[in-house]
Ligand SMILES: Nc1ncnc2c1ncn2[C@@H]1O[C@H](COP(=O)(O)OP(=O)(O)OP(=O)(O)O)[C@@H](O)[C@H]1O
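Have a look below at one chain only, the form predicted on its own, in structure tokens format.
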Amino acid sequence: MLIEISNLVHQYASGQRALNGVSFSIEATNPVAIIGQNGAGKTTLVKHLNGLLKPTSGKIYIDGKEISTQETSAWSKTVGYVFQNPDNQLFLDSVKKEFEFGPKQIGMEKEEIATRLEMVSQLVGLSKKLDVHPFDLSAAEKKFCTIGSVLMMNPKIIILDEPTCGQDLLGAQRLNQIVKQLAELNILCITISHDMRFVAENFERILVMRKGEVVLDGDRQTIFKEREQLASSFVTPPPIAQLGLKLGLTQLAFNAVDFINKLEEETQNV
């Protein structure tokens, strides 16, 4: 999987310039997080990846094919987008119908739909709620229903927009499992999130956006040490990383077990 974005500019009809010459590439299927304050251009950026928005100027290629060469409906087979608000995506009267709708539209065989239904419903934790109306689900379950409906299409890329909104502890743990499972399935997961704990635990590569530009692009160790740049982008590192920074750890930790191990390591080396 290769995504190439070159000098991408997007200006809305109102005159607001949301993207200012964004350029970067993503190769392979390791999960990538995009962070930054509201209005930084994150959602505008990812909506270009399946043609929901058209560039004012600049180019986007996926595996060598320019986005503009196909309609949005065609790209939906390759790039799945999960909206921040599930109510904007759900419209049928059962979870099962939501899951089956997309695959039927693209002509997926019945046997494959049945196989994927079993796998996806287990992954998102809704295997026992296939006959439930989506609007009778909890807020967290609605989010998993939309994730499942997109995964049913077997995309190469899935975009999650603020997936932790409305999630409890169990929901957050399931999201962690989903991100890991997607990587194992060679599906590229690109996620927009304000939840730095979730980002730090699950995403090795992080892009930081500010005022329509990518101001930082690197691994999480590098990104969360850039305190001045993060502050100017209104991003706060997760608490455990902040503690590591205050203690002067050369290698940050992003969970309690790693923190204890790294603290012991560096204390012994003093």
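Heads up: residue numbers just count along the shown sequence, starting at 1. No experiment lies behind these values; they were computed from the predicted model shown.
Below, we turn to the form predicted in complex with this ligand, even though it does not appear here.
- This ligand in the predicted bound form is not approached by Lys97, whose heavy atoms all lie more than 4.5 angstroms from it.
- The closest heavy atom approach of Ala253 to this ligand in the predicted bound form falls outside 4.5 Å.
- Using a 4.5 Å cutoff between non-hydrogen atoms, Gln84 counts as a contact of this ligand in the predicted bound form.
- In the predicted bound form, this ligand sits within 4.5 Å of a heavy atom belonging to Gly41.
- Screening 57-65, 227-235, 200-208, 33-41 for residues having heavy atoms within 4.5 Å of this ligand in the predicted bound form returns a single hit, 33-41.
- Exactly one listed residue, out of Lys156, His133, His194, Lys180, brings a non-hydrogen atom to within 4.5 Å of this ligand in the predicted bound form: His194.
- In this stretch, 97-118, not one residue has a heavy atom within 4.5 Å of this ligand in the predicted bound form; the partner itself is omitted from this view.
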